[in-house]
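Take a look at this one chain, the form predicted on its own, written out in structure tokens.
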């Protein structure tokens, strides 16, 4: 297909500035709809993006039915976003990961931050778990699968296309094995700790690689400590602490299936005698533990995003304050708290503010020891704050 075979999507005057600065999203109100009406495009269709003077900026795929109407996938005009282009991007992503990870267990493709909007791939040695979250990437599905196979030669590939964000793109939800016999669980190694991730039926892709470096730091705090892992999922923090020498590690989650996996993973690492689980709503469990006068030396609070949209900020920020306050009330004097947020709309300064408010409300002082964020397999596009979302605050909580 030649350049002229792609329909043109034209921007309004001065609306090319963000794109030229490195951003990849084009909003519907930035498009010159008199020159290039959105109704003329199909969801997922590839187009050539131009500025108001008709100068080509690159290639984008479009969805006329969403606020983010188009996403740039290739800059310039030196060739279309072909299979060879995908192969080149995949190899560039691999080179970054190989620089930092000895084991082939990491987020292999992180969407916009790797220049591939709408595509996430997690790697579990020879198993790839893929998420296509946009209509444009769904249209590229076959090329993506074939190029992943060509570059990485996995034993199996699973499509976990069941994220709620697909609904806004007008896409169906499905889980599909597209190569090999995909297992129910996939083995991974993180910081020397083994886990079997629930790739078929677990959360997201089955694991949260973004916290790997923070869990590595956490392990340095754990020796000799009584540990509480709140919102544990399958035990990433709690089991890591047990392996690092914690005397006891308690994992709290609402999912029975996740806690079954906690015990399986504890056995996998020969720490089953140190790991216990508590099923229930985290807020309720922390209240019950306080009533029972339970105390811990090290607590991690790693909830799902309490602030999914900007309009949820007020309610969500209060939830962060409440859960951290409940955790502090369970700490022994001078105990350590790791407070996390994966909400993009919750800046680190705000997380610190709410956590400190919680401390002051119960006459505690918060002494920040170190900061944590997402690892190098979750790189950040400096002009797309959406790609920087994970915060972890390591602090000592002292009584006044």
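Positions refer to the first chain, counted from 1. As the structure is a prediction and not an experimental result, all values here were calculated from the model.
If you look for the form predicted together with ligand SAH, you will not find it shown, but the lines that follow are about it.
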(message) I need to confirm a contact call. Of 296, 320, 90, 233, which residue comes within 4.5 Å of ligand SAH in the predicted complex, counting heavy atoms only?
(response) 233
(request) Heavy atom within 4.5 Å of ligand SAH in the predicted complex: which of 95, 150, 254, 292 fits that? Just give me the one. (result) 254
(message) residue 124 versus ligand SAH, in the predicted complex: is there a non-hydrogen atom within 4.5 Å?
(response) no
(message) Check residue 208 for me: does it contact ligand SAH in the predicted complex (non-hydrogen atoms, 4.5 angstroms)?
(response) yes
(message) Please determine whether residue 215 contacts ligand SAH in the predicted complex, using a 4.5 Å cut-off between heavy atoms.
(response) yes
(message) Can you work out whether residue 114 and ligand SAH are in contact in the predicted complex, taking contact to mean some heavy atom pair no more than 4.5 Å apart?
(response) no
(message) With the distance limit set at 4.5 angstroms and only heavy atoms considered, check whether 7, 28 and 51 all reach ligand SAH in the predicted complex.
(response) no
(message) Please identify, from 78-86, 115-123, 225-233, 241-249, the stretch that has a heavy atom within 4.5 Å of ligand SAH in the predicted complex.
(response) 225-233
